[in-house]
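Only one chain is included here, represented as structure tokens and corresponding to the form predicted alone.
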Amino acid sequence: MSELLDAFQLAFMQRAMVASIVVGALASYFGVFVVQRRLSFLGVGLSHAAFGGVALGLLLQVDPMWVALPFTVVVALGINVVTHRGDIAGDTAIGIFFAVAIALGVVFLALTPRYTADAFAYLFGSILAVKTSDVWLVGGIAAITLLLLPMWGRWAYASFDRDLARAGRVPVQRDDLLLSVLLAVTIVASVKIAGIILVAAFLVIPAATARLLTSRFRSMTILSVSIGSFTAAGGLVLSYVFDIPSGATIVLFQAVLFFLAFVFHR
């Protein structure tokens, strides 16, 4: 125990803990809308789209996070525009942009000399890779999310009945654009902790667990955020104790809670 406490006196572990808790809360908050709207594939598509931005950052030899951020936002907006303005289903649009972003990422990595170690950290997550700038990034996203909390009611309304929301003069399409951008930004911010491959689980598993435990959407949101924060902190501690990747440990911890809720819920 004393060794564990000593470890969290180190700056990189403190940065990782703060970033993990905030990212867990953010992803779980937006995850309730992803789960309720059955958009889990969007989370997977955007997380893998971030791969293209990370690869471009490695090629340009700049911080991949700051390249992946606008790259993933552009992909999110593209998916939204094609879905709303074209005769294309949402999952089809996600599949197209997902494939293009992955293909670009492969090309960028092929042009990048000696990329293996950095690419591995972004693909699978690494607490050692969390920088002070990453903490500021997730803190900024959290501040924006808090400012936009009044939007929760409109997003919830549209999640249950889009046609009725439109009839009530709710700007559904504009709200969808904003939600897509926030999802993209949150996913990019989660990459250092969970990794590109596993980050979609941060959106889905805590929200799905909360949905098993409550039938009220407000309670589901609060419970999802609590589960996301708790599992992020607990998973980070377990990853240090057992010396295994942080992202995978957090996701497995979330999965354990999900299956317990699945077995015991009524």
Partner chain sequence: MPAPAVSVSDLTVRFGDHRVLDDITFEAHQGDFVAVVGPNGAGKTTLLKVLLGLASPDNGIARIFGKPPRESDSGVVGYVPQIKTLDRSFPAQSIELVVSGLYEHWPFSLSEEDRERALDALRHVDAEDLAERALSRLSGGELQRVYLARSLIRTPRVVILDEPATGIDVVGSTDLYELLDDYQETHQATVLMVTHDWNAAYHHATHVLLLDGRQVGYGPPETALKEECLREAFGHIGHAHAMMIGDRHE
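Please read all numbers here as calculations on a predicted model, not as lab measurements. Numbering follows the first chain given and starts at 1.
Just so you know, the form predicted together with its partner chain exists too; it's not on screen, but the next bit is about it.
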Contact residue in the predicted bound form, chosen from 80, 159, 126, 145 - any heavy atom within 4.5 Å of its partner chain
159
Segment that reaches its partner chain in the predicted bound form - one of 40-48, 220-228, 237-245, 59-67, heavy atoms within 4.5 Å:
220-228
Look up in the predicted bound form whether residue 152 has a non-hydrogen atom within 4.5 angstroms of its partner chain, and give yes or no.
yes
Quick check on residue 85: any heavy atom within 4.5 Å of its partner chain in the predicted bound form?
no
Can you tell me if residue 169 lies within 4.5 angstroms of its partner chain in the predicted bound form, counting non-hydrogen atoms only?
yes
Taking any heavy atom pair closer than or equal to 4.5 Å as contact, tell me whether residue 164 reaches its partner chain in the predicted bound form.
yes
